[in-house]
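You are given structure tokens for the same protein chain in two forms, set apart as structure 1 and structure 2.
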Structure 1
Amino acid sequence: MNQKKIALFLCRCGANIAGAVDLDTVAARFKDKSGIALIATHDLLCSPAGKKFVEETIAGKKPDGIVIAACSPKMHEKTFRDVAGRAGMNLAQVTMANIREQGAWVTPDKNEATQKAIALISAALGRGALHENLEARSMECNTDVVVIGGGVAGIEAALMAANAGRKVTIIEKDISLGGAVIKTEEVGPSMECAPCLLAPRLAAVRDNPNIRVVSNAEVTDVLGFFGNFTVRVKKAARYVKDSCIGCEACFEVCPVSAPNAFHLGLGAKKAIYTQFPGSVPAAAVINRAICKHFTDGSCDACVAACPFGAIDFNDGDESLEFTAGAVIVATGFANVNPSSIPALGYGTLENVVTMPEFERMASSNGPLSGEIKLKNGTAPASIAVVHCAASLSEHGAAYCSGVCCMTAVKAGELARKKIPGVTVVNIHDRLVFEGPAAQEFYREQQSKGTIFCKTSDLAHVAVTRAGDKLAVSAPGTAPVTVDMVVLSTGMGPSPGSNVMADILDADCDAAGFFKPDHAILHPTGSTIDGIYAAGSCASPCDVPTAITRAQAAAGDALAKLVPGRKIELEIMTGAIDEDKCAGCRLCIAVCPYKAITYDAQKNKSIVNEIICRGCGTCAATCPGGAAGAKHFTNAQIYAELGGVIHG
């Protein structure tokens, strides 16, 4: 190839550059250099007149490339790429020499500044001569959304995307939607009824023609990439058809029951059951493990009782497949189990319960129909709430969940509503309340009678039996004797989240929550493009934050996946030269985006240019020189190096 002819534009930038760098000396230095098409000096290249000048010069003189010796590329590289584009030049043929920020402004000695400018321009010319055209690339995309998890966050994300006209599939592992929030009674600090908050959202999901709910189902595989995912799902047999409206006629005739997860094991449900009246989907489900039709074939009472002929003992598991451009993970959290701290007595002492269990008792859709009761069936006259149970501890959650103090304070409010005259003592160390409303709620609970006792050592709080009561001792505060102890536990990752992360190829943090793409700039993105983490699967959070994260995730997906519009792709990607690749796969190990895959048949690594963001780490790692980085090739960097060193 003939040597490229490059046009060199020198910008005076008013007096910014001209005052500190002798541009005449610079121009003279390059005047006779081979490969220079022309040298032009201008007062202000980024001004309308300057841009017009560059555009006309390119169009008229048709250089192969241009070097703009002016300010930082961060300032105006895009400006001049656009200008060049208008004049018919490829964007890659524009090179900036940053003689202002790196020269004029930081080098007081004019001679030194001039020599440095020469070196930087020389580097830009050297590199520019080797630039290969880069093509803007885009890809058709699927704009549908799959939401994994149907709690408040999943519901919110699904509604938002569906209301924008996208087809949404919610995959839920439980038999109906609602997640953790539907199991609570009231949401603090405003103490709004949780089921009442959710009921209209559930109805909206049910009535939205763009949303399909697949419950009692698990994701088994996620293939593909941003804009083009395939999600495989295994849907467990329900043994009840969709025609079931949840009328509960069968519940009465069903002869068997078992403790149920919806009640956190505190209460039983029949072998045919729904989670709660008005659930979405409405259809009941048969618990095959205890149903007498399946265990000994002795019963089919529900068949006769059902007014809709909905019972279907022949139902089987189903494998389903969905395609989507984005996947929003909203798999929630799990309550940390405080039995890891034996001194707290959970699981060994009667009437020691966790805060979620306490809320379940207080819940109108709960196992005790909203009554807070001791094991003996009477209402407790005194309750101690232990904050940070199994939190800030290597034996439980090592961190502060940030929301449990609020919930722990709520215990008093719930108890007083249900049991007039009850005494409530909260034993705490540091109290964490986010924002004025939560702080105000705490003060209000103090004035309503909750007693707050500060301990000096959370790690040594102990609960012991004292007759038919419980004694709670905490260093730094007087021991209390109560009927019931409520352990305020933190939020841990949901048990399946690491499996889910594996399926998605995404990463979890040390605690087991989904890691963000970028903790500050893109907190709802997971480490895989197009896969979002919404709600508490990203980290412990309260309900409003879960909703906000869901909206952020859906909003981001909606903005990036627009029907009829292609996805813009990174142009400066990595590239692997197949002829040189020995299949060692070191590049796969270092790629931060899992953008490189291995073709076993060819024994080659392959860059997926849709996922690659062009960091170039693979290029630096490849021992065989097969991996490279477009626009940052070794040759281009060496040419630049020669320029800065030799001027």
Structure 2
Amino acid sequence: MNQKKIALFLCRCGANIAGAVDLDTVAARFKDKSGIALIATHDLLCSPAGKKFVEETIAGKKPDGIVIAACSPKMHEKTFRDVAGRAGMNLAQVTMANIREQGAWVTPDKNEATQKAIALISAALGRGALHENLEARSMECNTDVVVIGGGVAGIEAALMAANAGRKVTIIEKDISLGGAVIKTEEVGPSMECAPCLLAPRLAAVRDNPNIRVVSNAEVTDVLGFFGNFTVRVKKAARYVKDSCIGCEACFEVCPVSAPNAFHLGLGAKKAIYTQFPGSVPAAAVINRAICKHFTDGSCDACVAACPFGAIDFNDGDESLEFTAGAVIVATGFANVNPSSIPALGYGTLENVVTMPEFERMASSNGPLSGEIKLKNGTAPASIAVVHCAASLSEHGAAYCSGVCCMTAVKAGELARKKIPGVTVVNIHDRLVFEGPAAQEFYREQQSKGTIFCKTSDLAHVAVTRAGDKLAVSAPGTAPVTVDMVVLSTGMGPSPGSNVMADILDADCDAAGFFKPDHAILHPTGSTIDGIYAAGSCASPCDVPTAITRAQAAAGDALAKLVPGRKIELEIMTGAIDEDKCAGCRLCIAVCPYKAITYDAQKNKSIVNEIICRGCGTCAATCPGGAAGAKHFTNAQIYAELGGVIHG
């Protein structure tokens, strides 16, 4: 076998490299080295002139491979692969030695930096001598989009993609769309009607032929990569056909009631129910756990009551599968539970409620038809609103959610509309209002009579019983006695966010929210290409921000998923030597892309190279050395290490 001839290109990178590394010494070190076809130095290889120089040199000298001694491969490996490809060289024959970030920029002593550059180049030469040609492959991208979550962010993302002609599937775990916004009466600071804002968007989703809504469903698996995802879903049985229009005729005859989660446990629902009038989908659903037809077979009243014959007790769960080019996660948030702070009295004292519960009381579609009431059925004459309940605390959310002060101040506006003359006291430490509109709303509430009491320590606010009233004590301010206490809670990640992140193989931050690809340059992208985080699953935010994030995520996906566009497949995939494979299937268990399957007939593991991203996890796990990675063979890695050691 003839020894490969490799061309070595040294980049001065202006003074970045040349000022710290003696490139003449480097060139002299490799001048007589076996296997070197030529050594060439250029001021800036990544410049148009530099790229032309490399391309013409390759075309003229026809080396078997090249080593570019310059900057980080993350910056310009693709640049030089493209250059080599235009000159007729296989892209796998391009190796980069990072003598800038790993040498010149971090090694003050010029002699040491020069010796480090020699070691790095020697490593690249050793590895490059063993590189084998790899075949570039591509496939047409799938332009469909899957949206996980049907709140305001998910709805906006779906509509934006669908209106651009893409096919969109919304996967919603609840029985209908709407998310948290549909549970509120008004959105601050403009105090616009929340159901009125959302109703046209819900209708647009319902009537858009490009959108399919799969509700009462959960994502169980996501396979593939950007442009080629497969999303697996388990859709729970509804026991009501799509012909149901939500007329509610069956509700009256149903003999069973249970706490209503949509009303945060403040109201009741029947065993057959919808979330709210006008929900999308409109069809009702039967709670099998409490329905008498299923528990003891004693009731079929809804069958006779339904004018559309929509009841289907034989309905079953479904396993569905959807393909898409991008996945937009819009799973929303969960309100922090203030019961983690016992001193606040939540769950132990009557008439201590959270702000979301207060908003359900005040909502016209709520359990009390818009009336704010105490447990005894009367309206409160005085209300205290405690800011940062279980926020900025090691026992709750350790951070400020940024939107809770706006929501807390809204309580006074809602209360005065329902209860003329009510006294509202807000107990706070610092106040956070984003933008002039929110600040003006705060001033407006002051002028309308809301009393603001600043405490020096919100962590030591305590709520106690005082006869038939509640006493709120806070350091630095006089105790307040009121009929009702409203706890303004922060925003945490939605339940199951960590499970969803595992399914997607995406990362979460320390608080549990989806981690962005880059907090500044790509805040709606996740750590996995083609998977986006929209709305409050990325971090706490208000409604306008959630919508903006959804638009950004959908816009990014639309810009990349162009019909007819080819996407490059990973060429440095995993590979399994069938002669060595013992069929232990450890590689299947650890593969983050689900790219390995088991052939029972052969008792061998098989790599699906279309899905594989070449991460090498299988190679690191395989106990028999059957799994490997193209372009990262043991021999290549040993040669690279040897180059570093021996220089």
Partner chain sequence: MDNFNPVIVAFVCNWCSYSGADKAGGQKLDYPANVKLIRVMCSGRVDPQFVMQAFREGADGVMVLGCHPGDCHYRSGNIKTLRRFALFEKMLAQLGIESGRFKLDWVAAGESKRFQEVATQMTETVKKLGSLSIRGYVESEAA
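Residue numbering: sequential along structure 1, first residue numbered 1. Note that the rigid core is defined as the largest set of C-alphas that superpose within 1.5 Å between two forms. Treat the numbers as computed from the prediction; the structure is a model and nothing was measured.
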query	finding
Selected structure - the one that is the form predicted alone	2
Same rigid block between structures 1 and 2 (Ser339, Lys235)	yes
Smaller-part rotation in degrees, where the chain is treated as two rigid parts between structures 1 and 2	18
Angstrom shift of the Cα atom of Met139 between structures 1 and 2 (superposition on rigid core)	3.9
Rigid-core-fitted C-alpha displacement of Val21 between structures 1 and 2 (angstrom)	17.7
